[in-house]
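Coming up is one lone chain in structure tokens, specifically the form predicted alone.
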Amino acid sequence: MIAQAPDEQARHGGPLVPTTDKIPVPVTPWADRLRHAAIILLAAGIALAALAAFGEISATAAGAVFVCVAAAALVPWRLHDAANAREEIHGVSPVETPVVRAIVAGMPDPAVLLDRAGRVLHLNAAAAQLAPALRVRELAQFALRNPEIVTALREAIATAEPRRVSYLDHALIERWLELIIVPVQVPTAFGGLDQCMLMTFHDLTPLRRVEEMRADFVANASHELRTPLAALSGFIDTLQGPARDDPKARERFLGIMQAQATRMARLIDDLLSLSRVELSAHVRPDTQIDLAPLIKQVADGLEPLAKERQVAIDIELPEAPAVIAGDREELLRVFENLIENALKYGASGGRVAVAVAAVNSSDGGTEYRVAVRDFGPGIAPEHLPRLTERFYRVDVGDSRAQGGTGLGLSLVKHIVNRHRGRLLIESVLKKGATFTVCFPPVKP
């Protein structure tokens, strides 16, 4: 059977039906119309001929009447076909074409195109996921029940001006969204302009969280700096007043002031270090560093603190060099923080074990792991996920008594991330804690 293309069907004016010889023959409405017109004209011709034969009307008048009847029978059908053709050409609104639908669907953010009455013309998958109640050809305000959205939409439709509104979405998870409504002038089928509304939603949650983190950081840093400053100011006032002539009080107060000044200096140093690491987080260090002598240097530097706390530092180093691509000063800061924390907070265990080993990684390669383990009281499980947060402390009083700034582990995490490594924390109550940093080896 030979099929005929759809455009050929349209050219012949109707659908195709098969015949006995398997050749499709078009069946058009014009055949029926001509047949009906022929019947009407035949009847009119017979009637007019009879009237002319009996002398009721003249032959000229009969001919004129016949022409009028023929025009009345054929011309309206022709005009009807022309109207149908125009409807086929212009019946689809420009904003409802597949091109516009594809543009809306391809937008990365949730997007909805509305007509001038606020009915949905197109929406993409992201918008359908954000507001599952949205339906094509239905009013958007019924699906978007947030009062701020509805108000902004009504104002945009009434004034034909852009509107922007931020709101908190209480869905499965709370998130901040920004709605932008922009009027769009679209050409109509007959050369005019129609107005539509393009609604786009932008997720502001990451920006809000960064802003909250920044505010918390400023508040915490201000608090941490205010405490030693208040102590220094109080002791200075005391030394200038009641303790001016008291040598013993002066000696004791000067020692406290020195400790507070040292603590404030460490806090400022940690803040500056953290800022520098964050600024260069996207740049991976490329200097070849052997971990073994670096750790030995840190352990030797912390030996006085270990003797003061009566803690032994056991070091286990590999025979072969453990070479990674790194920044020497930053790596020194990492191991100083980890070993110093183990000496301070795990001193009751009497021993700190530091081990460097080459192990197989999850991706089938090799990585170097440096594990710092103490045998102290350990850390409760609920604290482990938050240990690397800035200014987070398990025990605020104990941390400050030990001279901690609350930034050490956060600094460790950022440095390790810059070296494309990982930080692992394991702990069991009353059995100590283990902090492990994993580094990829130098690529040959």
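Position 1 is the first residue in the sequence shown; the rest follow in order. Please read these numbers as outputs of a predicted model, since none were measured by experiment.
Missing here is the form predicted together with a small molecule; even so, the following discussion is about that form.
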*Can any non-hydrogen atom of residue 66 be found within 4.5 angstroms of the small molecule in the model of the complex?*
no
*Does residue 344 make contact with the small molecule in the model of the complex, using a 4.5 Å heavy atom cut-off?*
yes
*asked:* I'd like to check something about residue 51: if you look in the model of the complex, is any of its heavy atoms closer than or equal to 4.5 Å to a heavy atom of the small molecule?
replied: no
*Any of the heavy atoms of residue 395 lying within 4.5 Å of the small molecule in the model of the complex?*
yes
*asked:* Quick check for you: of 110-118, 370-378, 142-150, 212-220, which stretch puts a non-hydrogen atom within 4.5 Å of the small molecule in the model of the complex?
replied: 370-378
